[in-house]
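Here you get one chain, nothing else, as C-alpha cells; it is the form predicted on its own.
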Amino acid sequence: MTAASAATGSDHPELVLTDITAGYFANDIVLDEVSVRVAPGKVTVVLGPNGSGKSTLLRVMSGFVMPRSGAVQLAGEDITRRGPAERLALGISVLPQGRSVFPELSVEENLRLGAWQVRRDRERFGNAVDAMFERYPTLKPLRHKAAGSLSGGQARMVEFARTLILEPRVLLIDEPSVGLAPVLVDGVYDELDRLKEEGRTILLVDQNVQAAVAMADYVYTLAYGRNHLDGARDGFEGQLDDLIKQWLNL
C-alpha cells in the first residue's frame, strides 16, 4: 500500500481500549480502567506526568503487556490476548522510546529486520526496503553504514523507516523527540506532520506537550493511571499551562 492509498483511510481501522486494568506485578496496578479510542486517519495524543501509565498503555496496545481486565479491539475485532507478533501482522506498528537501532547492523539490515514478517515473499520484501530508501533519500548513501555510527537524527529516520516498512494500519509512537537536540526535534515533528497529512492512524505519546497537542486531533490525559481529561485539541490548547502545573505538583 502506498502513501496515496493510505490517505484514503479505507484500511485504517480504529483501535479501542475499554476499561483496561494492567500492571507488571501481582499487586501492582499501573492502569486502572483506562479507556482510549484511536480514531481512523487521525492523530490521538496521550499526555500525563511521569508515572501516569502512558508507556504501559502503549505496551498494552502493542501486546507486550496483557491486561488483567478490559478489552482491546481493532476494527471491532477483539485482540486482547494477541501478542506483539500477531498485532504486527494485523498492522499495529510501534516506534519505541529512545534509540532502538541495532548498532552493529547496517542501515539496510535494520530495515530488513523491520520487514522480517514478509521475508519469504522476496519481491515484496525487496520492494518494501527500496520504498523506504525512496521515502527517506538521505538514508540511501548510508545504507551500508553501521547504524551505531549514525547521528541521533539519522538514527531516528531509520527507526521511522523500519516502523513504516510494512505500511502499518496503526502507528504507536512513544516519545519520538526524547534525547534529541531542539533542531532535530523539529525534523521529527516535520515527519509526524507528513504522516498526518497522509491520513495515517496515529497514537502519539510525547513529553513535548505543546508540539504534540498542536498536531493532535484528539487528546487524552492520564493521572495516577486513570483517565483524567479528554477532548478535541481546541479544548486543550488554552489550558496546557495549568495542566503542566498540576502535573508538576502530583
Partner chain sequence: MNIDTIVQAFANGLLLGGVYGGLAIGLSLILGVLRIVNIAHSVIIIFAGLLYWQLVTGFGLDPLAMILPVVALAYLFGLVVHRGMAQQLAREDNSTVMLAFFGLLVVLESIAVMIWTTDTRTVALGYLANVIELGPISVPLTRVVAALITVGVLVGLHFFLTRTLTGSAIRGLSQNPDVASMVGIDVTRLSRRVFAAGIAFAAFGGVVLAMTQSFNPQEHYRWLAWAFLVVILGGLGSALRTLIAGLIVGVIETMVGIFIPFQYTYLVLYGILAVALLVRSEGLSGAKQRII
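Keep in mind that what you see is a predicted model, and the values were worked out from it rather than measured. Residue numbers count along the first chain shown, from 1.
One more form of this protein should be noted, the form predicted in complex with the partner chain, which is absent from this view; the next part is about it.
> Exactly one residue in 150, 74, 71, 101 has a non-hydrogen atom within 4.5 Å of the partner chain in the predicted complex; which is it?
By the 4.5 Å heavy-atom cutoff, the listed residue in contact is 101.
> Ok, 88, 178, 131, 142: which has a heavy atom sitting within 4.5 Å of the partner chain in the predicted complex?
Selected option: 88.
> Where, among 150-158, 74-82, 106-114, 131-139, do residues come within 4.5 Å of the partner chain in the predicted complex by heavy atom distance?
Checking each option against the 4.5 Å cut-off leaves 106-114.
> Give, in sequence order, every residue of 214-228 that has a heavy atom within 4.5 Å of the partner chain in the predicted complex, or say none if there are no such residues.
The stretch does not touch the partner at all.
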